[in-house]
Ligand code: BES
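A lone chain, given as C-alpha cells: the form predicted alone.
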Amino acid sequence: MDIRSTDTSLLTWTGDTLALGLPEGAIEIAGELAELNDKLGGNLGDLISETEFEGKLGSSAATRLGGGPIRKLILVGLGKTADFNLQTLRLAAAAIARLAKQQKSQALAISLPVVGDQSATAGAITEGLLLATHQDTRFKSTKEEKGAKLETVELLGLGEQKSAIAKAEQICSGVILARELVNAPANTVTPLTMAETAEQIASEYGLSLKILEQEECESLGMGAFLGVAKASDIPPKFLHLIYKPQGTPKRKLAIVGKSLTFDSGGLNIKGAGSGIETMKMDMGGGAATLGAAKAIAQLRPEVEVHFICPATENMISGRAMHPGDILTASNGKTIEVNNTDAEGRLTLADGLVFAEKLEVDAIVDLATLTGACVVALGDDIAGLWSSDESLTDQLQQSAKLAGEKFWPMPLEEKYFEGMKSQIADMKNTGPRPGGSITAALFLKQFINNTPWLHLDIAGPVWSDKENGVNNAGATGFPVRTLVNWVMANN
C-alpha cells in the first residue's frame, strides 16, 4: 500500500473513494461540507439523512456515487470532539480501510481532523490503515485476496509528511512481526526459529546478537531457565540482541520478553478447558520484544537497547522438572517449584538477572504471565507493576500515545508471605488470590537496584474478533508502547 500526504483538499480531490471523518452531533451541511455536497450532486446530504448518520464513535456509512469526479463515499464517526486523540484517528483509519476493502476500492483519499500536529496525525492514520489491513495468510493454501486491493491512499490537507509516514511504517513492521510470531503454531515457531528471526533482524539492520546455548547458560548458573527447558527435545536459546547508536548513547535500556514457544504446563499439565491449544501465544512477550527490536533498529534512536528472550518450551518427558524440585537461579536464590505451570516467571528470573548485570538504566519485562491478570483487567488492558514511579509515568505516557491500555497494579509486599518456602528461598507460586500480584513480587526478587517495570500482557496479546486496529488473532501488543518508551529516552 502506497500511503502519501498532500495539501490537496477534499473539495479539489478526484478519484475512486473519498472518506470523511465527522464528529458526533447534529451534522450541519454548511461551509466546506455544503460545497462538497454540491460537487457530489447532493449525495453527501442524502447519505447522512438516509442512514441517520450522527458521527457516533464506531459508526459508518458508505455509498456508490456512479459517475462523476468521485465514485464512492465513506463516512466514519469520530465521537465527541472533546475526546479526540491519536487513537481516534487510528480507529477511524482502520474503519475506513475495512470499508474501502468492502467497496473494492483501489485508490482512497482520507480527510480527518488534525490532532496534535500534522505529523502526528499522518503517523496515527498510517498506523490504523496498515494494522487493520494486515492479513496473515501464510498457513492458508489459497493466499490470493479476492477482489480489488487497496493500492494507494492520500491523506488530504496534511502537507508533506514523508518522515512521519515512514516512521509509522517502520513501527508497524515491528507490530506485524510480533503478530506473525504469535499467530504461528508451535511446530513453526520454536526456540530455534526465534533465534533465526533474531539473526535476520541483526543481519538486516546491523544489530549485534549473542545466542547463549545450554552450556553457556549452565556456566552462568541459569538453573531456573534451564529447569523449565529440561523436558523439551528442542534445545533452549537465550537470545541477546543489542542495538547501539553510532555515537555515545543517551541511555541504556533493557527489554526482557517471556519466550515460551509452547507451554504444556509441564507435569502440572494443563487440563480440559485450560486453553492448552492456545499456548503457542505464550511467547507473546518475546515476540513483542523482537518486534520492538525490528522497529527501533530502523528508527535509529541515540539510545542503547538490549533485547533479551530466554526461549524454550515447557514440555513433559522423563527429564521434566517435578513439582517439589528446587532450582537455583543465576543470582543464587533458590526456588521450590510447587507448580510446573508457573514456568514463565522462572525463565524471566534468569533473564532479569542477566539484564541487570548489563548495568542498564532501566529494565522492562513483558509476559503472558497470569490468567489472574485477565480476570482482573479483562482482554483489553494489561497490568503494570513497577518499583519506580518515574518509569511508570514514562510507560503510561508511551502507552497513551500508542493507544494501548495498561493499569498500574500494587506491589503489595505482604502478599509475598504466601510464597515463602520452608526449604528454599521462595516458592514459584503463592495463594490463588492476587495471583498476578504475587507473580510480579516473585520477579522483583531478581532485581536489586535497577529501575524495573513488569507488564502482564496475557489479555491484550490476542483478540478473538476484529477489535479496533486489530483483526482476529495476534495483536502485536505492546510493540508500539515499547518503541515509544525507547524513543522518549532519545
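Note that the structure is a prediction, hence the values are computed from the model and not measured. Throughout, we count residues from 1 along the sequence that is shown.
Form predicted in complex with this ligand: not shown, discussed below.
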Between this ligand and K258, R345 and T429, in the predicted complex, does every residue show a non-hydrogen atom at 4.5 Å or closer? yes
Would M281 show up as a contact with this ligand in the predicted complex if we use heavy atoms at 4.5 Å? yes
This ligand contact at T193 in the predicted complex, heavy atom, 4.5 Å: no
Does any heavy atom of V360 come within 4.5 Å of a heavy atom of this ligand in the predicted complex? no
Non-hydrogen atom contact A440 with this ligand in the predicted complex at 4.5 angstroms: no
Selected contact from E302, D341, D325, D380, since only one has a non-hydrogen atom within 4.5 angstroms of this ligand in the predicted complex: D341
State the residue from D263, D350, E127, D365 whose non-hydrogen atoms include one within 4.5 Å of this ligand in the predicted complex. D263
Pick from 367-375, 239-247, 116-124, 407-415: which stretch has non-hydrogen atoms within 4.5 Å of this ligand in the predicted complex? 367-375
